[in-house]
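Heads up, the chain below is alone and in the form predicted on its own; it's given as structure tokens.
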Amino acid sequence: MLPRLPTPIARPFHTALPAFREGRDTPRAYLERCLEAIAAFEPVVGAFVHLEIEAARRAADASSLRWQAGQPLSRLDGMPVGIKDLVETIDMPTQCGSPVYEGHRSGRDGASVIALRQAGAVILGKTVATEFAAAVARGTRNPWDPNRTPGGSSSGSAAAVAAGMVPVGLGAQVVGSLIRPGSYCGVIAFKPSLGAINRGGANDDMSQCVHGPLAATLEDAWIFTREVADRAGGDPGYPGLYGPALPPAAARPRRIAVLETAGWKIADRAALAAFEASVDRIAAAGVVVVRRADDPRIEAVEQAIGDAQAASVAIVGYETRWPLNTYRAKDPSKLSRFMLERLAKAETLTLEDYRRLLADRDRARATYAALAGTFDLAVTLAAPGIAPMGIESTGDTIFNTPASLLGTPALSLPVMHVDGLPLGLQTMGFLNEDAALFGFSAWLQALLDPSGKA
């Protein structure tokens, strides 16, 4: 019998900055409040695979002195952060959720981690990731109901933020690993535009993968991503994150496209009802809401992304044949049955198959890009429903694969609840227009959840 947990309350960081400046609060005191949440939730939730509490305290003390002297390194200075256990850290193991990497230490920081250290962030620990950021869960529980999944593969980051253990957790998405756990755990999830954040030093080389935050607030998500991008840049060959230093101001959209996607066929009735109620409120506020039956361009997008889930799984499988085939050759017992079956299926694909998949993806991206200029953003569900019971599965990715396939920025906004559990509204923007998506999403969040409690 699992013990009853306190009600999860995410812990904003940006609201603490004025008190840091005025000496009414300190990063060390803020960290201690996070550690209190860890003591309350972590024994049941299991969000972290490794913690460095004393090192975090030293870093928070150093940050407190900088704020006292009026010389913070950035707006992240003193922010406790959890790092998905796929991204390398010089002082902690990086185990990728797999026995293959048990106890592995690379001896270096990933690009995003060193950027966070340069900005003064407090690296508190490594958060649980599924096996190689795929489908096999590693035991993390949802803080809202420990009998339910937190989603994946950024399981630990989402759960830690939801429980107030950290204000931001670094995650990554190649299929649905940010948006879905954000929805299940009731926190902000931000999947930036493709290539916006440098993924150096992370074991996620797939062509659709993007690093991004799970955060207590939109403001924290933007500040975190902006400060990392300023120091680490984007992936090689990409221009990095565009947008202002400060969180984009709320902006009322003119026209919104509703994307029903293939997920509509399996979505829970209660989730669909909550979504439709939200869309009705958006339309009542004077925003033009357009669906597939109203505009052939939306219909064309629906058709282009209709196979997004299968296409994404095939692309990822082909791209991860190496190093999985190396691990299988060395010791197949350290790979799950799921991973071995994925590898075997991927090995049936030819180079021509992969080329066709990429060509189809390019066409889908062009079809979606044609909506820009007419529509400010698109909206859909972030998941088929609330977090499913059980922790063996991380849930269905069907609502997450379109944004991953398209490479567009996407957010999960925690503005809906079903049966007392969180459900995210997914907003999707256009490539490299992340700041615009934030502004429109801030307006939608204020409209749909002015109390901040959905």
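Model, not experiment: these values are computed from the prediction. Numbering starts at 1 and runs along the sequence shown.
One more form of this protein, predicted in complex with another copy of the chain, exists but is not displayed; see below.
S.K.: Using heavy atoms and a 4.5 Å limit, would one call D205 a contact residue for another copy of the chain in the model of the complex?
M.R.: Result yes; D205 sits at the interface with another copy of the chain in the model of the complex.
S.K.: Check whether F338 has any heavy atom within 4.5 Å of a heavy atom of another copy of the chain in the model of the complex, and answer yes or no.
M.R.: Contact with another copy of the chain, no.
S.K.: With the partner left out of view, is K126 within 4.5 angstroms of another copy of the chain in the model of the complex by any non-hydrogen atom?
M.R.: So K126 does not count as contacting another copy of the chain.
S.K.: Would you classify A257 as touching another copy of the chain in the model of the complex, given a 4.5 Å non-hydrogen atom cut-off?
M.R.: No.
S.K.: For the chain shown here without its partner, which stretch in 355-363, 141-149, 378-386, 184-192 has non-hydrogen atoms within 4.5 angstroms of another copy of the chain in the model of the complex?
M.R.: It is the stretch 355-363.
S.K.: Note which of R321, R292, R252, K334 lies within 4.5 Å of another copy of the chain in the model of the complex, where distance is taken over heavy atoms; exactly one does.
M.R.: Of the candidates R321, R292, R252, K334, R321 is the one lying within 4.5 Å of another copy of the chain in the model of the complex.
S.K.: Of these, A267, V174, A229, A134, which has a heavy atom no more than 4.5 Å from another copy of the chain in the model of the complex?
M.R.: Spelling it out, the residue with a heavy atom inside the cut-off is A229.
S.K.: Pull the contact list for 111-128: residues with a heavy atom within 4.5 Å of another copy of the chain in the model of the complex, in sequence order.
M.R.: Residues within 4.5 Å: A111, I114.
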